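Next up: just one chain, as structure tokens, the form predicted alone.
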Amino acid sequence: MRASDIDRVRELPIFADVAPEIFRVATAGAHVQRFPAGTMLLLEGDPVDFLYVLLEGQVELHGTWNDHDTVMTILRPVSTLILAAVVLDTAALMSARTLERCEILMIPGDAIRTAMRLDSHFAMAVSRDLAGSYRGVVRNMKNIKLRNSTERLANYLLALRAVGDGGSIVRLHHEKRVLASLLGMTPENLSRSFAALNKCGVAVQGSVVTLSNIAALEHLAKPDPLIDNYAPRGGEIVGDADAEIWLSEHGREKPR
């Protein structure tokens, strides 16, 4: 690996505090590959031989069943892909596709598992990453099961506002088809939800959304710190300001 690649990989929570010798074991045989947009990196059900580390670009993780498909999450740098499958040495539960030109570090799964056996600190770091993924799944399941589509969209818009400058203008990160899938609804339901939010001062023009009545939007959304990382608890924001967007786009809680 190039020195610049090593520095970027070191930013990952699972590698941030490992000793140099364990880092060398964990990344033995690793190499960087570049993929054009639209490349299918792996299919659900495939055996997983490598841990993928996204260094540049965006990757979509999606699942299919009975001619239906859904976007599970969108990954941005620097992120790991399919860590759980690597740890368990089992098949992938999701497919991965590049949305734009990507640079991806591919680390043999055997090297990751060997480093975990050799070093308890590295194993604990991997466990923390997986625990964050689990908590992200729980938050997302609560969001989908306990809220209707309009309430989910309202909370997503408030999360975007928390990431930004706290003003009345937010910008959607994805095309509406992808956003609808991320929020567990159809594109038609997303359009109806935006229309329903008009009464709360929400106006959408392309990717730009104007929030002219924050109080009304919060009253409808009812943000909860046990579902929404951005939600206030005791007057303070829980976690990082962009934690909720991290959750929606990485499928796990943002590392503390």
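Values in this document were obtained by computation on a predicted structure and should not be read as measured data. In case it trips you up, residue 1 is the first one in the sequence shown, and so on.
This protein has a second form, the form predicted together with a further copy of the same chain, left out of what is shown; the following refers to that one.
Asks: Decide whether residue 198 counts as a contact residue for a further copy of the same chain in the predicted complex under a heavy atom distance cut-off of 4.5 Å.
Replies: No - in the predicted complex, heavy atoms of residue 198 and a further copy of the same chain never come within 4.5 Å of each other.
Asks: Is there a heavy atom of residue 42 lying 4.5 Å or less from a heavy atom of a further copy of the same chain in the predicted complex?
Replies: Contact with a further copy of the same chain, no.
Asks: Applying a 4.5 Å heavy atom distance criterion, does residue 100 contact a further copy of the same chain in the predicted complex?
Replies: No, residue 100 is distant from the partner.
Asks: Consider residue 88 of the chain shown here, and say whether it contacts a further copy of the same chain in the predicted complex, taking contact as heavy atoms within 4.5 Å.
Replies: Taking the distances in the predicted complex, the answer for residue 88 is yes, it comes within 4.5 Å of a further copy of the same chain.
Asks: Just one stretch in 34-42, 188-196, 207-215, 63-71 has heavy atoms within 4.5 Å of a further copy of the same chain in the predicted complex, so which one is it?
Replies: After filtering at 4.5 Å, what remains is 63-71.
Asks: Indicate whether the candidate residues 56, 105 and 171 are all in contact with a further copy of the same chain in the predicted complex, with contact defined as any heavy atom within 4.5 Å.
Replies: No, the whole trio is out of contact, none within 4.5 Å by any heavy atom.
Asks: If you apply a 4.5 angstroms heavy atom cut-off, which residues in 125-157 are near a further copy of the same chain in the predicted complex?
Replies: Result: 126, 127, 128, 130, 131, 132, 133, 134, 135, 137, 138, 139, 140, 141, 142, 144, 145, 146, 147, 151.
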